[in-house]
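Two separate entries follow, structure 1 and structure 2, each one form of the same protein chain as structure tokens.
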Structure 1
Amino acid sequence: MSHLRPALVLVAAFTLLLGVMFPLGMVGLGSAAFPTQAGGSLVMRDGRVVGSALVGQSFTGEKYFHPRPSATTPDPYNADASGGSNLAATSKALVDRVQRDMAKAGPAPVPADVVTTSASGLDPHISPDNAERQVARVAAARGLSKAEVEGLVAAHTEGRLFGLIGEPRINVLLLNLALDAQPAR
């Protein structure tokens, strides 16, 4: 019985220290050091939030670059439903969806991210190859030259982290916002 009181005091103290004070301190430190990222990397236009640089969005119009497919169902790019589809390579549902996407994608070879989802289902990036396949459609829909659209794609292509990690990629939201900022024709 004499050991019960010190044990309970230690549990309460460590719960307060490691369960409350440490997490709040890390949130405060993260918010001070990286305010944009800690706030969700929100993208603002004309004083309102138009999306997050970290979460994909659905763009379907001909004048926009389209993102990779989303694994979140029933609502695409719904962060509340984040996660892979967990469909095996032998799944008929997965094979059917990929075949439908391949038919819409046009002539082969098709970049993998045109027909595959990301692990979270929310990836906001596409590959430069995927973007290149869409340049002619976007240029025609916007009345821009192919070279102008290719220039925007090149300007929005992010390289590998530290030149080593990952693959070159393009944030679809940021690219589409840059297209919207172009003078109307």
Structure 2
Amino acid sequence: MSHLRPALVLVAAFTLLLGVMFPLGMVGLGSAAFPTQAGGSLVMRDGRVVGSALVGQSFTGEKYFHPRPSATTPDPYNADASGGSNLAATSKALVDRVQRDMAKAGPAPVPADVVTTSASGLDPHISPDNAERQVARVAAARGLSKAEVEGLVAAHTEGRLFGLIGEPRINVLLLNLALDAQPAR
């Protein structure tokens, strides 16, 4: 029983130290030193929050670039309930879903990210190949030239860090915001 006091005291002391003081201190540090990041990297337009630069959102209109399919429920890109499809490689449900989506995906070979759901269901990015296949549709819907849209896509393509780390990608929300910011003709 000589162990009872140290067990209780250390559990209480560490809960106070590591569960209250340090997390709250980190919240304070975050709001002072990294206010944007600590608050979720929210993106504003005309004084309103339109999303987070890190979290994907649903786009279905012709004039926007579309993100990857999302498996969140009840709606795609539900940022309050992240998750993947958890379908196995041999799942009939997976093969049927991909087959359905292939119909509107354009000519084969289709880049994998066009018809697969992400792990979080909130993937903010698409691959450059995926974006390139959407350029003609977006340009036509907006009455812009393909070259103009291609220029925006190129400007929003992030490469690998030091040419090595990560994969080339395009943030769909930021690209669509830039499209909306184009002067109308």
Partner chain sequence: MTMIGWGQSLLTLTLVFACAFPLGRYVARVMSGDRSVLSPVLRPVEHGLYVLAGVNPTRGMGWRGYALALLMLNAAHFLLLYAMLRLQYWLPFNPQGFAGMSPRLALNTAMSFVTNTNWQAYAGESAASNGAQMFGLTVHNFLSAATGIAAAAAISRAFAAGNVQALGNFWADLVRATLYILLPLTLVVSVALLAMGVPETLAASAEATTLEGAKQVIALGPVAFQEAIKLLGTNGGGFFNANSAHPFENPTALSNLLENLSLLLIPFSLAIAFGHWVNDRKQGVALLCVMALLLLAFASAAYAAEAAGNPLLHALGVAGGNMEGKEVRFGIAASSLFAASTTATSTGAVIAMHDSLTPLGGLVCLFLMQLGEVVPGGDGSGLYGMLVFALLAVFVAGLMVGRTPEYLGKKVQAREVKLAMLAVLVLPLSILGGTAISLVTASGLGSLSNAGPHGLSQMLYAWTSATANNGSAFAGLSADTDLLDYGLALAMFLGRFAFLVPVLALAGSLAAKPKLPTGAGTFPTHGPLFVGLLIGVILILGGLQFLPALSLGPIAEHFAMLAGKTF
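Between two forms, the rigid core is defined as the largest C-alpha subset superposing within 1.5 Å. For numbering, take structure 1's sequence and count from 1. What you see is a predicted model; the values in this text were computed from it and never measured.
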In this pair the form predicted alone turns out to be structure 1
Once both forms sit on the same rigid core, is the C-alpha displacement of L17 at or above 2 Å between structures 1 and 2?
no
Superpose on the rigid core, then tell me if the C-alpha of A178 is displaced by 2 angstroms or more between structures 1 and 2.
no
In Å, how large is the CA movement of F162 between structures 1 and 2 relative to the superposed rigid core?
3.6
